[in-house]
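Quick setup: one chain, the form predicted on its own, written in structure tokens, and binding and motion questions come after.
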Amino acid sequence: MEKIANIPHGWQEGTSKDITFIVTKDCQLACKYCYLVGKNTREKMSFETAKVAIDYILDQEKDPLFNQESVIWEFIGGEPFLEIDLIDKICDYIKLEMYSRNHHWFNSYRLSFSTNGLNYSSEKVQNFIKKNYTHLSIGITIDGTKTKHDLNRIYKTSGQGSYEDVIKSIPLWLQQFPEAGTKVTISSSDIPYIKESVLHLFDLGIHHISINCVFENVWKQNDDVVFEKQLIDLADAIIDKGYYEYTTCSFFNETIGKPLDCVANNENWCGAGKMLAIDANGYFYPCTRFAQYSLRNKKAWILGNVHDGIDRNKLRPFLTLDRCTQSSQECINCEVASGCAWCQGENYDAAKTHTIFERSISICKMHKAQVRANNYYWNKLFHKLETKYSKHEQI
């Protein structure tokens, strides 16, 4: 039977605790769609803050909040590799402490990074990679063709696009992490470049593409029409050229576009509250989207700090979240509800009140357009495979 590539699962998906260090709020780029509206050069984590946070977390090994089988230590910014010296020191301390405590995470941990790629080839970053290679996950963000990438991913100083500088790191990255994928973001202005951008990334050797529309309310009239056309054209190219045998694009998934009910399918889409983020001041957040530099309208939702620990009362609402408690009746009854995503931080920031139980529906029409294109994709692919197998059996 002909192979259809599967979207890879995340490392230890469902069994790991995700702990995020916001090591810096600085970045070389000023991406136009970036949700980090409060980036700056001032707020950088100190090693002492990170050390106290690590000690607190590892002290809670028996606590249900921290007793997962595995752990992902994630480092973000801004651009995390701007602080590679600090990160290297933090990771050394994490490994030493997990070992000395005989912590069950020592044999099951991952160091995770999403980077703009500009510093990837530097000597310090490469030394860090060699040192930690067997426990690393690194994704470089490249948005597609030069036209699409440079439309949004621009330098904060010059306003020029960053494609030519990022592309230099891709061959080395794929050599070191051949199964790595990239994350592509779609906003209103770059919808017309989706098809050519995804195919361009496939041709670069990036075989797994996680791609999504921004959750913020940026969408214009007829964006969904253009979006659907781009996805159908992309579907034709993937199927006609056989890309489906060895590549995946998250826009096309058999689980998307089905009805859901509040008994069998009532999971929260987002992991906010199950994750933990720590900033330069040592404050804890349900995820990075609840830190102040991620919020346009609301105040940060602080769960506690590295000295006093987590305030369970502030965490409690996140532990009760599910699909139906935050969705309107229209969303609950929607015939294509499966795969319709949301961001808990955006729900909070866009809500009329100080609540996390009000679902933002800004991407509704984009999701429905994706479902229509997704149905087209699978109908065409299965018809092609069925026809091919039928001819083969006749022979």
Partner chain sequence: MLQYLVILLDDTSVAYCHTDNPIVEERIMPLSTLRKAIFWGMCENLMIHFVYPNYSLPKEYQDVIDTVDNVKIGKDIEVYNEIPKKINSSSIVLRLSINEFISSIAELEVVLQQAKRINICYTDIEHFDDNRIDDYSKALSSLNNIIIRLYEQNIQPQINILSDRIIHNEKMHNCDAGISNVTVAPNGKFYLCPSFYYDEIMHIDNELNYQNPSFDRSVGSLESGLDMPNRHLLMLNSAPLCRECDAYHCNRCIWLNQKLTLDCNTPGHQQCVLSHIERNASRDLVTKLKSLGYNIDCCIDDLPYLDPFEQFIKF
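Residue numbers count along the first chain shown, from 1. Quick caveat: nothing in here was measured; it's all calculated off a predicted structure.
Here the subject shifts to the form predicted together with the partner chain, a form of this protein not shown in this document.
Considering the partner chain in the predicted bound form, the lone stretch of 316 to 324, 245 to 253, 128 to 136, 204 to 212 in range is 316 to 324 [heavy atom distance within 4.5 Å]. Contact with the partner chain in the predicted bound form, judged by any heavy atom within 4.5 Å, is made by just one of Gln60, Ser46, Asn40, Thr355: Thr355. Interface residue among His104, Lys298, Lys195, Lys89 relative to the partner chain in the predicted bound form, by the heavy atom within 4.5 Å criterion: Lys298.
When the partner chain is considered in the predicted bound form, Leu65 lines it closely, a heavy atom lying within 4.5 Å. With a 4.5 Å cutoff on heavy atoms, Gln292 counts as touching the partner chain in the predicted bound form.
Residues of 173 to 201 are not found to place any heavy atom within 4.5 Å of the partner chain in the predicted bound form.
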